[in-house]
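Only one chain is shown below, in structure tokens, and it's the form predicted on its own.
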Amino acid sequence: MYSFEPTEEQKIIISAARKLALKEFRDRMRDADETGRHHPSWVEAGWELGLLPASIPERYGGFGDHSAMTWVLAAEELAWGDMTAALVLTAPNLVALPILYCGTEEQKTEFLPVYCTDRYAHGSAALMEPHFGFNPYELKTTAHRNNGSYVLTGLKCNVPFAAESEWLLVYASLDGQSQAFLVSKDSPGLSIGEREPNMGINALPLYSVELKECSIPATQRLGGDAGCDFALLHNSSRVALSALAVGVARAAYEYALEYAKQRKAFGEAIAQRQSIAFTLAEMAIEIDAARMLVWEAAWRLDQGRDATKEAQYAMNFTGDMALMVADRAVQILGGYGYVRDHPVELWLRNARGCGVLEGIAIV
């Protein structure tokens, strides 16, 4: 059984993440959304938390051990501040954690120290494809062995920081199995398209990426000849997005709750109206239920157990839950919820991405 009480170390991380979210993320999220550029302080102050180096063993330059549960606790707090900021800050995970999970000793020695310095290093992963009925276990992007190389061909979308990262972790189908490949941005055959415009998460740069007979050394297959455990990586990604969804939903709920307590109509706070009170109660219940699903999936990951079912449950439930909670927060504010003087419309747009943008986060 797992405990519902965070460890002392986790309590410190939760508190630090919450302070960062309140001080750095909340005040700047509107400007970042409008301009489409994340604020430098998100990276500078966020990297000082040391979340990623604390997940990497000392022999690779870090100072701790990885814990999916610790990551989801931190991710919820960061997304409570701003989901986009949380995705920007945790983007290096997209390369570092898969290598930590599945990389060869040579890959760990080469790449992990890059993410353990006092400077933020970009990371990027290319999983999603612009095809109807996208299935991460049946990728249309393909890889085939050619002597001492792998050749990748395909089209990817919603790739975070593709233009800014030195390395992309590209997922492709190899002999019918989804596998991952470390691709340098200078690799021949790799081209990065224009930045994609989206309805939300606007300060996170997402790009299309095309691979045309992109040849890379065989040593850059994640896990070497043995390959990687794609199910583990996919489950970890879904758990990460689920934790972010809980954070976004909690932010919208708390804002709507405080508004309902302050807003007066016909001589009383609208929170006293049965319809509003019941709506708020349902929102709170759904958030707590979603959090339990996320915690169970993260716990199974930490135990080394298969978390496929639990990660799928969490992803499906939290994606719908975040959208529902954010939408009802907009409704509770009435006409004010639709205007940009209040952040609930921003949270609604961001929440839409929780259930559809696979592969942009990992714990």
Partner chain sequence: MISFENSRAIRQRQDYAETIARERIRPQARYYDEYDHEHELPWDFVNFMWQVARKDLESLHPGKSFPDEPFMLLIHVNEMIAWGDIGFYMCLPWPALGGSAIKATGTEEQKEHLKEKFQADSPTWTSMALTESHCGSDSSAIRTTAVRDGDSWVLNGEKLFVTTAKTSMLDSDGLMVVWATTDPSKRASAIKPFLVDAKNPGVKITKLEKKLGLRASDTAVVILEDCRIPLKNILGGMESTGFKGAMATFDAARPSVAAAGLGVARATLDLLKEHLDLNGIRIRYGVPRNLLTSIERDIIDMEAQLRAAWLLVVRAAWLIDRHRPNTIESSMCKVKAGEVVTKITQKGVELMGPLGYSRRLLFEKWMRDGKIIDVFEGTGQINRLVIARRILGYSSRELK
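Positions refer to the first chain, counted from 1. Every value quoted in this text rests on a predicted model; they were computed, and no experiment measured them.
Here the subject shifts to the form predicted together with the partner chain, a form of this protein not shown in this document.
Comment: 257 to 265 is the region of 206 to 214, 257 to 265, 183 to 191, 143 to 151 lying near the partner chain in the predicted bound form, near meaning a non-hydrogen atom within 4.5 Å. At a distance threshold of 4.5 angstroms between non-hydrogen atoms, residue 286 is in contact with the partner chain in the predicted bound form. Using a 4.5 Å cutoff between non-hydrogen atoms, residue 299 counts as a contact of the partner chain in the predicted bound form.
Looking at residue 320, you'd find a heavy atom of it within 4.5 angstroms of the partner chain in the predicted bound form. At least one heavy atom of residue 253 is located within 4.5 Å of the partner chain in the predicted bound form.
Among 232, 271, 163, 218, the residue placing a heavy atom within 4.5 Å of the partner chain in the predicted bound form is 271. Every residue of the trio 4, 69 and 308 has some heavy atom no more than 4.5 Å from the partner chain in the predicted bound form.
Heavy atoms closer than or equal to 4.5 Å to the partner chain in the predicted bound form belong, across 333 to 360, to one residue only: 358.
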